[in-house]
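We begin with a single chain expressed as structure tokens, specifically the form predicted alone.
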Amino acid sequence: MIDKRVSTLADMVADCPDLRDGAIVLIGGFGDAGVPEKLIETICELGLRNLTVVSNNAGSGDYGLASLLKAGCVGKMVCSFPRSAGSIIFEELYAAGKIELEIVPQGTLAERIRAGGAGIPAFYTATGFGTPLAQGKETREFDGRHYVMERAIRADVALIHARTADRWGNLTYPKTARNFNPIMAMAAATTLAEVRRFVDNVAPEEVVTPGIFVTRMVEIGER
């Protein structure tokens, strides 16, 4: 019988071969909405190093993603908004040359992740053509307009936050937490989900992320 639920956050990360130094990690969230804060705290405790983290921004304050940066776990950030309100920790690390940065336009970032989950290796977009963001990338002209080729993003691990889940791993999301979380769940070898509440079953028409994309889940309660 399939049951992807585990009892504790420690169980979520135990014996997970994809959680290792140098891993590529997708972290869901948009601002503070839908950020898997409890999972991030657990990852901090592992003491991993040189992670490449892909997220919408570079965290704020000293919690969530910012706590992972502060712990020295991240060697590179791939994001759209490295400088947002309260992103002090990232700015300090970057100014000191202790972290790399790859800036990706937000729509392009979402599509690179979605393509990774869909098995599409690359795609063309007009966004970024003629700017420093296109340097070193293949460009082509279609119907008189220039496009930049962007590679899909596949990760070792995705950390996501969901509202409800059944034992099979079918997920729903609370309001704006349905941002990067669903596409990230599809684009990683291992997807770990912190869930506000387990339910007996998620109605098929309400499923946002099918359980086939989810590896393990833990219930964290309502925020």
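Numbers for residues come from their place in the sequence shown, where the first is 1. All figures in this text were calculated on a predicted structure; none of them were measured in a lab.
Below, we refer to the form predicted in complex with a further copy of the same chain, which is not included among the displayed structures.
In the predicted bound form, a further copy of the same chain sits within 4.5 Å of a heavy atom of P121. In the predicted bound form, a further copy of the same chain lies farther than 4.5 Å from every heavy atom of K70.
At the 4.5 Å threshold, heavy atoms of G61 stay clear of a further copy of the same chain in the predicted bound form, well away from it. Contact annotation for K98: none of its heavy atoms lies within 4.5 Å of a further copy of the same chain in the predicted bound form.
Contact annotation for 148 to 167: residues with any non-hydrogen atom within 4.5 angstroms of a further copy of the same chain in the predicted bound form are M149, R151, R163, listed in sequence order.
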